[in-house]
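Shown next as structure tokens: one chain only, the form predicted alone.
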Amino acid sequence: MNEIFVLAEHRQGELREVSLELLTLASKLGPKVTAVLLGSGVDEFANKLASYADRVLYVDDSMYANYVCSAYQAALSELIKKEKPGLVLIGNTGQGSDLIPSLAVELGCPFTTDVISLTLEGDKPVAVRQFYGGKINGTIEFKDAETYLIGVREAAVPAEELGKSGEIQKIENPITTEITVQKFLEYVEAAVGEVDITQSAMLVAVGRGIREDKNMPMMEELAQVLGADLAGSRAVVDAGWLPPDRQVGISGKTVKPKLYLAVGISGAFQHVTGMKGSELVVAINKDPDAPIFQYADYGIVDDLFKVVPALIEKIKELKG
């Protein structure tokens, strides 16, 4: 694989974590990794990306101040044709899902999306993605091509400090004509409740194992003494015990807190998909065979109604 391109994603003045995740993945696959950055006033982003890539290729133009698919596609198409990378990685985000298919069709290159694992066999990628709501992992092989385009799921690979000092190359905008077919108007953010669990440093997540609504105050107290926020599985949200903005999983939110304390959660793949990027996972479940223990750094196999009160008292004691 002669070179791997990684499209850096930014939004509303922030470089998104998925960019660093993809650069970490790329560094494990190939000898030369290039971060491609399109933006306006993005020198700071270029400097940060240089510590994760061997080269940063960036365009600073007001055309790319906000993501517009047609502008990004036109620029990337020109850069890919000129540089001829063997592999292009793009985050399977809302932006990536919009961009990847149309870019692949224009270039006539093989592609797939929502990949959770990626390896190389020679110069050809072998991708793994999930089907039937995550019940089955499928392996995808590709026909011979000069360039392959892959959309990688957020949090599929944790970002690592790579300590590189890549060369930063600021280049002229490859697009010389104005793109008028689409125009950015404004961001319309989904309503966020009183807590945005995607930004929480610590989470206490509860599942159907808490049995009924009257046990929620105990979980709230546990979260309070820990200084954590409260989240839950789909079963808890469907029961109305927590609002939808507190749901973790495929149909909820993806979280990556420093501590994820899973209480009464079995660990179905739909839930695990949303929390497996957590730094430290602690699980409490009376079933020793619960799948959550496969992802936990520490596990307590016991009745949560005995463990949680004792845990609350111990934390209070330690805090004085």
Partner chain sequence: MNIVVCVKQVPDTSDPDTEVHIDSTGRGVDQSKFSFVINEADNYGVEEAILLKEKHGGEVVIVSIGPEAANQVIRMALAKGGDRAIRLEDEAFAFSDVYATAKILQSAIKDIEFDVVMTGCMASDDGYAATGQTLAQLLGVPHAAYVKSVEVIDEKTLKVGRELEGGLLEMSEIKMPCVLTIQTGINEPRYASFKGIREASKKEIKIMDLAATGLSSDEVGENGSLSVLKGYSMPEVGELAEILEGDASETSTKLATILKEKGLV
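Just so we're on the same page, rigid core means the largest C-alpha set that superposes within 1.5 Å between forms. The model shown is predicted, which means the values in this text are computed figures rather than measured ones. Positions refer to the first chain, counted from 1.
The following text describes the form predicted in complex with its partner chain, which does not appear among the structures shown.
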If contact means a heavy atom within 4.5 Å, which one of 160 to 168, 69 to 77, 82 to 90, 213 to 221 is the stretch that engages its partner chain in the predicted bound form? 69 to 77
Applying a 4.5 Å heavy atom distance criterion, does S251 contact its partner chain in the predicted bound form? yes
Counting only non-hydrogen atoms and a 4.5 angstroms cut-off, does D238 reach its partner chain in the predicted bound form? yes
Quick one: does C109 come within 4.5 Å of its partner chain in the predicted bound form, counting heavy atoms only? yes
E154: heavy atom within 4.5 Å of its partner chain in the predicted bound form? yes
Whether R11, P101 and T139 all lie within 4.5 angstroms of its partner chain in the predicted bound form by heavy atom: yes
Exactly one of E186, E172, E121, E178 has a non-hydrogen atom within 4.5 Å of its partner chain in the predicted bound form; which residue is it? E186
What residues of 42 to 63, in sequence order, lie within 4.5 Å of its partner chain in the predicted bound form by heavy atom? none
K164 C-alpha relocation of at least 2 Å between this form and the one not shown, rigid core basis: no
Rigid core superposed: G41 CA moves 2 Å or more between this form and the one not shown: no
Superpose on the rigid core, then tell me if the C-alpha of Y52 is displaced by 2 angstroms or more between this form and the one not shown. no
Did T93 and R234 drift closer or farther in the predicted bound form, going by a CA distance change of 3 angstroms or more? closer
Knowing the Cα distance between G267 and T113 changes 3 Å or more in the predicted bound form, does it shrink or grow relative to here? closer
